[in-house]
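Just the one chain here, laid out as structure tokens, in the form predicted on its own.
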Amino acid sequence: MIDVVIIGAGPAGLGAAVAAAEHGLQVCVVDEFVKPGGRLLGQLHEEPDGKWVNGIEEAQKLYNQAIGLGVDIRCGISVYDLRKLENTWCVYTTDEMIESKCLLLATGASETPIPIPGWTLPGVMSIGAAQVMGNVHRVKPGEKGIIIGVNVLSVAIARELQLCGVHVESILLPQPGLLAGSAGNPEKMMESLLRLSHLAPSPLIRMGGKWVSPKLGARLFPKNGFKMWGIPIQLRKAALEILGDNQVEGVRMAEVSANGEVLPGTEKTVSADFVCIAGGLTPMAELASVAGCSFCYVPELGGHVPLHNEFMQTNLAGLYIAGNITGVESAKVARAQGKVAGLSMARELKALVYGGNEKLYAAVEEVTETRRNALIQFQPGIEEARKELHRKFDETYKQKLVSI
């Protein structure tokens, strides 16, 4: 039996592995992908200060640090079941069963699909799949693409696709309706867009993002959209159907009103050889459910998340979570949460000495500061939502768990 098993080798999982191993714990990390790094592997962007962030390089640094501390990292292995015994966790993988004293779930998030007529054609993919193809595998998803879904993720990855040499024809909304939900509402998507205004190359757009309300912005939004990095972003046009016989050939679109109604007589077809659907992200918490965690629905965090406290502790003794399973945020926040989880597990296993509590509370504060300084916020009200989530946890479970 080992001290800690971590499921997920992304920034949260590797960050936790380093923090735990630095305090002498025996750590094993498993991940179903063939390479460690998680979503870091697909990231490539420029910070406001002009510094470029290469996710592959960042992942390699974390991996080297973990390996140097003796962490056992196993990739290409899936976890299909968890079981809690009296004092141990049994992790059932496609390779073997592993027993540990503490368990961390750092499984990340999954993309939410938006069903659109024609979405099963070859050449249609999620926006995250296009990111992985370009930045990880160095393969263009196509030459000319259309992105359906205006949100933080689609705009950021559109820029990455452009850097891969792909022509992004436009980013537009899905057809308004029950299946699209708020993703087809110009006012709701304007909120998402305004949270990215500080990244825009145009000073006018950056200024507008500070003062324009989502409702007013949607009504004033030009019918032909505006451009960021030369990519047209269109909140007043929606994709009605993806066209093609044997593969993607184009998209049928139409103009929409400020409240999302399709305007008759405005339909037209635009050619493309691939289409990305960007429906947003939701925490990947299936294993937490299997384990028996309590859940709470928090829209600001992306949906249902396991109930937990600021120390990344769930309602089950010895089980911790970190990263996007706790709510969708940036890789930097995920890594900071991983550090907290690693230190919390070290604390539970009596491995934190010489100012251990100070280290742990400093790490918790680092998460808060990292969140406040994040370049991108996926949803508004994240900090307040987390405080409320932690309050609910403390009210319900504080007395039942090992005291931190």
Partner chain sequence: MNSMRVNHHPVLGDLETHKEIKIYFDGQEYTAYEGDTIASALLASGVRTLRFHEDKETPRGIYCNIGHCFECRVKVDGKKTVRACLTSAENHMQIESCKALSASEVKGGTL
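Keep in mind it's a predicted model, so treat the numbers as computed, not measured. Positions refer to the first chain, counted from 1.
Another form exists, predicted together with its partner chain; not displayed. Remarks below refer to it.
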Can you pick the stretch from 98-106, 228-236, 135-143, 328-336 whose heavy atoms fall within 4.5 Å of its partner chain in the predicted complex?
135-143
Selected contact from Thr266, Asn259, Ser271, Gln247, since only one has a non-hydrogen atom within 4.5 angstroms of its partner chain in the predicted complex:
Gln247
Contacting member of Ile73, Val168, Met284, Val152, with respect to its partner chain in the predicted complex [4.5 Å, heavy atom]:
Met284
Might Thr120 be said to contact its partner chain in the predicted complex, defining contact as any heavy atom within 4.5 Å?
yes
Quick one: is Val364 in contact with its partner chain in the predicted complex, heavy atoms, 4.5 Å cut-off?
no
Non-hydrogen atom contact Tyr354 with its partner chain in the predicted complex at 4.5 angstroms:
no
So in the predicted complex, does Leu44 come within 4.5 Å of its partner chain, heavy atom to heavy atom?
yes
Is any part of 67-101 within 4.5 angstroms of its partner chain in the predicted complex by a non-hydrogen atom, and which residues would that be?
Ser78
